[in-house]
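Just the one chain here, the form predicted alone, laid out as structure tokens.
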Amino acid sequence: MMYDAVIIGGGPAGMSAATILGDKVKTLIIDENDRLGGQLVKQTHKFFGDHEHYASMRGFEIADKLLKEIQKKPVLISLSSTVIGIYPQNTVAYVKDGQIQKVQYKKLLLATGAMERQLPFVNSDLPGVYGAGAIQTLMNQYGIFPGKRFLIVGSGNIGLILAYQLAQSGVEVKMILEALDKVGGYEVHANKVKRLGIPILTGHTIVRAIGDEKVEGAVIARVDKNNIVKGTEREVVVDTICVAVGLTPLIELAEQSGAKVSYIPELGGYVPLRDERMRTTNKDVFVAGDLSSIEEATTAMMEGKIAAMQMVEDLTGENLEDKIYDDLNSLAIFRSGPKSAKIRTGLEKMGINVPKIDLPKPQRFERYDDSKLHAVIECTEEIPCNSCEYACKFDAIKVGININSVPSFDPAKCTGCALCVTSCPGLAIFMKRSEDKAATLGIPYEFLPLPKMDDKMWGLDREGNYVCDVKVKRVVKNPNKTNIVYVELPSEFADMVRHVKYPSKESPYVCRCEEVTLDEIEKVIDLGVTDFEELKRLTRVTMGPCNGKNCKMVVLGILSKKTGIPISSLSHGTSRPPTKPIEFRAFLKEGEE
């Protein structure tokens, strides 16, 4: 059978293309899964971007929305169909129900996506070693836990999102390893994870998995210029290792179609050469999504629409130039931020010029009136998202034309409605009201069970450390499942607490450097110790490498609560040099050994 347009791959790019092609030309979608959606169906987090491209919607919700649009059009969908090759005379062969089927096309869109990269390490073939996509499939589609204690290798958005989803599921994520010296994914994703107490170790990698018949642990070590630093190896007890070190485009069908491919590492490896309208070197073949460059699902949907509109022009002669131009401009703006610099470089190697679009600096306003409930926006990285601006009905938040801009916030216009909190995909907005002694915080919360009024919980800081006890005052449920838990806490900790959790049986670490727990501190205070310096000497709290920068205020808060003495009346100890850890050799005179 001859089709005007055949789409191979029913993920975000293929589905978006079908919404354009479906009522214009005779269209067939072929996908190997039993439902359309691709990676979207396993994504439970909210997407970044703008409202036109489904910002603040969760991945599986976007898949459902696109499917409903496609079902309104005369599009033929062939599911559970595995394409085995592209043959001469524009022929696609695929297997369905055990039989080979063949169709011909006038125009072909390849949206085959990518596969996960592998990371070689000793015993990587043990049961219990997974790719991130496999874990999301098991957990989010089929409700199966692959394990109970996870080690994640790779801190790109996929690894960070998976860590958060695993924590939502109630399993333990020991740590995330990143071989580079900085986190690869969005800062807001990393912050969400760190608030849960999940450490991200940069400059570290996995050396080997431990176990005979299954994973029982792992050896990790520091990395320097891609080399393992000898003597830094240590063991961690885990039963599941997740490798999330990137994706590689699936180019086989593109090559078989006659499209030329080239190695462009910035785009993910070998990719089909194409123009800005997604046409490959074969004029009848187009590409979109991760096959063309490893990026966000949002850019995949944009590329799918652009390719589809150009295919419609080719097939029908209809003039869609204005719409194509608008979408190309939206895509250029989406890619104009710092996080897309690598993509821009890769596209330039392909001969596609991405126009430079300057990012305006956010407007600064005077400090807000803390006695009034207002939003606190902790989104300081230039990423493509304007969900908060769209959600705010009172013009208090501005992002501007370039959605990569950092939000500007005018506290005078904020009414405390908290719509921005529930819309933010990065959970980077909080509500705050602070008075002399007590403060109220509104914290975005995506965990079960939901707290109840008057429940006592632990307040945790940006690194997941215990700060103080908090009391739940109100819980606001939201249809998109980003609920807000309002808690009461001492005013001095209002800028420190960023997450809450129910107390666990194990006492939390207050001083992580010296591994001093809340129980240990409280026991010493119960013995009659009310002086900070004495507490410090007896427990070694604040005597670690950070010199108390992370925990001194927390310790003083515990001391104040237990003794009834205001923090302002307590001695905070003596600041002694050196203020940061240094090697003893620094004190030697020149020439001394």
Partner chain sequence: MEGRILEHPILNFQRKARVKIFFEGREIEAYEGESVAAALHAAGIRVLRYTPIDGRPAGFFCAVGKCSACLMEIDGIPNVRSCMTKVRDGMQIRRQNKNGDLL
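Positions refer to the first chain, counted from 1. Remember, it's a predicted structure, so these values are computed and weren't measured experimentally.
Unshown form predicted together with its partner chain; subsequent notes refer to it.
Shown alone, this chain has one stretch from 559 to 567, 545 to 553, 531 to 539, 33 to 41 that lies within 4.5 Å of its partner chain in the predicted bound form by heavy atoms: 33 to 41.
Not displayed here, its partner chain is approached by Arg58 to within 4.5 Å at the level of heavy atoms in the predicted bound form.
Although the partner is absent from this view, Val237 stays clear of its partner chain in the predicted bound form, with no non-hydrogen atom inside 4.5 angstroms. Though the partner is left out of this view, Ala114 does reach within 4.5 Å of its partner chain in the predicted bound form, counting heavy atoms only.
Its partner chain is not drawn, but in the predicted bound form it has no heavy atom within 4.5 Å of Pro503. Just one of Ala341, Ala412, Leu180, Leu138 comes within 4.5 Å of its partner chain in the predicted bound form, counting any heavy atom, and that one is Leu138. When you look in the predicted bound form, the only residue of Val75, Val171, Val312, Val261 with a non-hydrogen atom within 4.5 Å of its partner chain is Val171.
Not one of Glu255, Thr281 and Lys349 is positioned with any heavy atom within 4.5 Å of its partner chain in the predicted bound form. Of the residues in 143 to 167, those that come within 4.5 Å of its partner chain in the predicted bound form through at least one heavy atom are, in sequence order, Gly143, Ile144, Phe145, Pro146, Gly147, Lys148.
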